[in-house]
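As structure tokens, one chain now follows by itself in the form predicted on its own.
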């Protein structure tokens, strides 16, 4: 009975935060606004990631025809995801090293703490494998690595499988964090701090802008390497993964 009550409480904590009934008391400290500023930057990057993921999903409808967009958006996703991991990682480090403002703000609900590493691993996996496919080219990407239960495993099928994992964990994360992220992203004050004014907007905008510029430059450098996929009759759009048998000519 006690275990059940704990489980219900854990789920209630997530639901309360997901619908906006519960907020972490992020202190507003210093020129950057401390934990509150960090939370806002994380919210901005999270919402931008959601937009980029939506665009990337659209390219999956015709990856061969929209391959250039698929690659460019994928590289931008990698840049913005790196920023979100960095901002989240900073908060984690500050919390677990005993920095008082972050300890005062507290951790997210338990289920989100469990889900967080899975989201990070899924994000890194799908983006890294996608960049590897570009670097390796279609021929190497379809070289069989192993056969499991009659299914051929190659780098292309690994990328597709990682995308499924990413879609599941990221979808759960979005459900739990969308409303709080919108509130944080659009707020200039923190009610928990008696309406304390959030400072550091300029530097946060600059960081986000610099990330987008870096991602755009990286996409311009990576895009030519994807040219070998343009001539493929069947490429990334081959979804779900191919079964066993010889690679497609």
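Residue numbers count along the first chain shown, from 1. Keep in mind it's a predicted model, so treat the numbers as computed, not measured.
Absent from the display: the form predicted in complex with protoporphyrin IX containing FE (HEM). The rest refers to it.
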property: In the predicted bound form, the one of 153, 167, 131, 174 near protoporphyrin IX containing FE (HEM) [non-hydrogen atom within 4.5 angstroms]; result: 174
property: Protoporphyrin IX containing FE (HEM) contact in the predicted bound form: residue 46, any heavy atom under 4.5 Å; result: yes
property: Non-hydrogen atom contact residue 218 with protoporphyrin IX containing FE (HEM) in the predicted bound form at 4.5 angstroms; result: no
property: Residue contact check: residue 120 to protoporphyrin IX containing FE (HEM) in the predicted bound form, 4.5 Å heavy atom; result: yes
property: Proximity of residue 22 to protoporphyrin IX containing FE (HEM) in the predicted bound form, heavy atoms at 4.5 Å; result: no
property: Options 81-89, 145-153, 67-75, 131-139; stretch whose heavy atom lies within 4.5 Å of protoporphyrin IX containing FE (HEM) in the predicted bound form; result: 81-89
property: Whether 50, 53 and 181 all lie within 4.5 angstroms of protoporphyrin IX containing FE (HEM) in the predicted bound form by heavy atom; result: yes
